[in-house]
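Just one chain follows, in the form predicted on its own, and it is written as structure tokens.
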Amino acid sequence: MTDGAAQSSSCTTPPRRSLFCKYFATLFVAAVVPLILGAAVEASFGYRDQRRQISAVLQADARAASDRIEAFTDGIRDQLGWMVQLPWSAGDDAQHKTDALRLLQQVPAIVSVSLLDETGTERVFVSRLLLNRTGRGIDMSTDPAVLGARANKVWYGAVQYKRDSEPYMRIAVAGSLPAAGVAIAEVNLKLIWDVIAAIRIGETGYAIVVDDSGHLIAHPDISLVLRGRASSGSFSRIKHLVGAASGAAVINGDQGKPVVALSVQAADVGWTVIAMQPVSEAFASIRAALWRSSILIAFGVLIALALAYWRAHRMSGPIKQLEEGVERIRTGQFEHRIKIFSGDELQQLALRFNEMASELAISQQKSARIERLKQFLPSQVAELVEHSHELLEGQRREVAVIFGDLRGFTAFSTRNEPDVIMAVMREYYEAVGAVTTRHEATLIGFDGDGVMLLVNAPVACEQPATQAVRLAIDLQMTVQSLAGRWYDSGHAIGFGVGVAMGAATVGTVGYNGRLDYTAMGAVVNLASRLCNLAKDAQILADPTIAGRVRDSVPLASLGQRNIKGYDQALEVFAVAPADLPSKPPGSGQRRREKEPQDH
């Protein structure tokens, strides 16, 4: 090896690492990874179980708060319903006022009550903050509360903030009779704080209530509620994130810390109750389990280090011998043998290695013989010579023989330079070889511009006639494609094919140093004669082939023809499938003008 080659080899060879390091790392990983995976799996299942448990707790607390809110609003609705039981009549204003004052005493959350008659006119107004009034007042028939109550009997208004601080809402109830009118109450929602403040999830978890727009209605920190819309931005974000999740979600809470949150809808009023618990508290048990697992993993890692070091040290010597043996086998030294006497699997591996070296030597010898045979025989025949000698012995068998021959080749070869002729022949031979391989036929040999193919020998097939015709069609189409290109280059070359089927003697013939697989018999001569009769782009078949493929391939009878070597005329058939190409335009006329018919 030259200095430049040596330098190139050293540049392309990757750096090597010690066998001891490799096996040490492998054994260490094999011991440590299961520990880590086990801890990870345990943590994963524990996390999912804990999350399901947290979701159940949050769901229960949020549902309880939602039920209490619905009970709160239902109580006010029922109280208002008593105010519109009887129709209005003259002189009832004082009695309705007394009932309204009694309602304010019974329900502290109600700030004011308006009682309307059947026309939507206010007849009584009682308030904790404003002056009370009776008698016919303003017309409220177009007020959304009146319209909603008359349409649905009960109407819940949107949350509004008075003085941009305390949240209020209006509730309207219509009587069962139109003459009973409508009762409208203004409710201070700050009193819902008692419901929310009583909810404790774990030690630091809590619940909040927001409306459809994300405005805060209730919070354990009442100061946030009293800020009104100024504090609603973050709560609108929380409502959107929790509502988009299926089940509990981990988000940043209103205090900027991660929390586990879950929401429940209060059906009547359309509010959302969101129960939250800090992540640090919710998953405290998981963190404790992870700390315990980490300690166990660290202990396991120390043990794995010691065992891996000891085992890798014991294995590095035999492994190096195996590595050196592989390198010598790679260079073709199949006689090399490894000697290991460890009494364990490494010794068995050495024995198997030695057996493999022997088998590789035998296989290499066989491959060399087959490669030598392929220089003289078709690949298919060469394989059979090596593995099935009896198949190549002389025997009588029904075969399909295909002959192909170029038309106009003699004139072409006399008018062109050798390099042009060899280029055309290389294209021709490559095309014939590809078709033969594609149809698993046997290429008997090339004879100048002619070719002989065999089907059903030495390897048998189920439908040799059909396979032979399909091969002939493929061969004709392939060569005609080449002929079109040759014609464009000024070379008028055609191709004819003959196919015949019958009994023949097949086997190997030759002498020392050279063997050929061939077929002999009348069917071979008949296929050759049909090929001679075939015109350019034509496939001629004998009656045996025609009888076998008549139902699958279109055929056209050309009548009785005199065949050289036969006493009686023989009916000849032309294969005429729809996809068989015609000869190039003008090729026949050009050949007749430029050169005589020859093969």
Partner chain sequence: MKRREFILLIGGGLAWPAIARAQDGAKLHRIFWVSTASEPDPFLDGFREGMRALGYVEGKTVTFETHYAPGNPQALRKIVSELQQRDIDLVVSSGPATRVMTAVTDIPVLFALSGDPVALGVVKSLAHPGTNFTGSTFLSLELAGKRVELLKDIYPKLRKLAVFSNTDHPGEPLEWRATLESCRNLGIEAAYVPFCGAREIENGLTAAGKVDADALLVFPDAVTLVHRAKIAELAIAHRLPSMFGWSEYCDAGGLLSYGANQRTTYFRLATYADRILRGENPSDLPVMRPEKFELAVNLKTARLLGIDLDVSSILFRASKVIS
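The model shown is predicted, which means the values in this text are computed figures rather than measured ones. Residue numbers count along the first chain shown, from 1.
Although not depicted, the form predicted in complex with its partner chain is the subject of the following passage.
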query: Candidate stretches 485-493, 191-199, 350-358, 178-186 - the one whose heavy atoms come within 4.5 Å of its partner chain in the model of the complex; finding: 191-199
query: Contact of Y566 with its partner chain in the model of the complex (heavy atom, 4.5 Å); finding: no
query: W291: touches its partner chain in the model of the complex, heavy atom cutoff 4.5 angstroms; finding: yes
query: Any non-hydrogen atom of R397 within 4.5 angstroms of its partner chain in the model of the complex; finding: no
query: 4.5 Å heavy atom contact, V279 and its partner chain in the model of the complex; finding: yes
query: Contacting member of T142, T331, Q85, S223, with respect to its partner chain in the model of the complex [4.5 Å, heavy atom]; finding: S223
query: Contact residue in the model of the complex, from S236, Q463, N525, S127 (heavy atom within 4.5 Å of its partner chain); finding: S127
query: Contact set, 328-367 vs its partner chain in the model of the complex - heavy atom within 4.5 angstroms; finding: none
